[in-house]
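Only one chain is given next, in structure tokens, and it is the form predicted alone.
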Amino acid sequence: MSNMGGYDYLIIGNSAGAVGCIEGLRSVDKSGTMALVSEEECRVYSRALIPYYLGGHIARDRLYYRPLDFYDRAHVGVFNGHRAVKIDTAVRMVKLDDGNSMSYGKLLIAAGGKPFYPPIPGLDKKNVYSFHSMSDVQGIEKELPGVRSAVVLGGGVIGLMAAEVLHGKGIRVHVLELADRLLAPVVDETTSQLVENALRETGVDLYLNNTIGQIHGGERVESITLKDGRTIPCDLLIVGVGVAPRVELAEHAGIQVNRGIVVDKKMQTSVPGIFACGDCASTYNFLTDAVQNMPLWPNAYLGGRVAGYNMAGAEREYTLGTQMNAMHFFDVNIVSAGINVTEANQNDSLDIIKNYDAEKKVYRKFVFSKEGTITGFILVGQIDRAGIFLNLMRRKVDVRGFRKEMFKNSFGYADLPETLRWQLLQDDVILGVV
């Protein structure tokens, strides 16, 4: 086996973080040598669009995140179908699964996350998939014509997206959730109830406080028995209970890991010259002032872009990341951002205002700091002002003077004091966006 060459910049992974890195880096350094190693055989695609493709809403070509010639135009050597198995930080070398190796000047780990499979015997059968990768897409596509009854394990974002796609195909769908409500990590109880109602009204079978007790079948799942003893026929089983950061490479290389690979605001790890971003990293959350794993597509791209700048020598900091989700399930549109305050974690120190119109199924909730800044919000059914609220949150604007106005259907920049409005919009005005 041999050294496959040395590069000024080497990227492990090929998703949003890698693209952000390439684009940030090339805006600074147009001539440095760069290569990318990826386990998958295909070019970069958007995992967030998998439900839209499988649901028949977009064509296959629209799954791809960048054009076919993206890497050539960026002068990136691509090594698809290879897995990085070891990083030797002393000699700046990455070893691949075929025994070959590649050396680097600076390295980005953008290895992403891996679907979490609970320790239930039978989850290795042929008709069991996650809802995460192109191989899942190809496998599920082949299964769909013969599926009459599907089980989705997990009532979170991934699981519910899968449920909606399968229901749209005319399949009887059963969603299993171990918790007592849906989407518990990202929304409050009121929002969970709105989503639950929508799924039940549509005909999706929900099983809360429940999970798989036993899987039946030979090479393929034929049915499952729940913990409460009920049995469900199953032609397709989707596992959508979450994604775990891929940190093995970093751990073995002696890089600091705290759930994800720990990075500073420049996206650099504890080892100089090695950067990390995306689902495998723990990054700075501007709301909590802490470093935590936030596996979201926009965070991955932005983190990769900041890493790219710094790898090329232009100093930038990652300061705008936080938890944020834009979702829709059976016509229930939801945007949530920042701290998720629920009945379980609510206390008297939190300043909360909310408004719920049950008839129109419109719900708005805001959480404020003692300084009057927005630290979290949930919008359901009426989400078109989410960008303004996010901007106010990111800029840490004291909204006490106009916070009741935020419930207006027409709330916009025009409702803000003139000085503040100019402060928020000046960058866009200068750029000619508005």
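Since we're looking at a predicted model, the values are computed, not measured. From 1 onward, residues are counted along the sequence shown.
Quick note: we don't show the form predicted together with a small molecule, though the next part is all about it.
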Seminar exercise, completed: Answer key: of Val152, Ala111, Ile261, Met267, within 4.5 Å of the small molecule in the predicted bound form (heavy atoms) is Ala111
Seminar exercise, completed: Students should find that, of Phe116, Trp297, Phe286, Tyr356, the residue having a non-hydrogen atom no more than 4.5 angstroms from the small molecule in the predicted bound form is Trp297
Exercise. Even though the small molecule is not shown here, does Ser38 get within 4.5 Å of it in the predicted bound form, heavy atoms only?
Worked result: yes
Exercise. Can you check whether Phe131 is within 4.5 Å of the small molecule in the predicted bound form, heavy atom basis?
Worked result: yes
For this session: Report whether the minimum heavy atom distance between Leu199 and the small molecule in the predicted bound form is within 4.5 Å.
Result: no
Exercise. Contact between Ile58 and the small molecule in the predicted bound form at 4.5 Å, heavy atoms?
Worked result: no
Problem set entry | Contact stretch among 387-395, 370-378, 41-49, 23-31 - heavy atom within 4.5 Å of the small molecule in the predicted bound form | 41-49
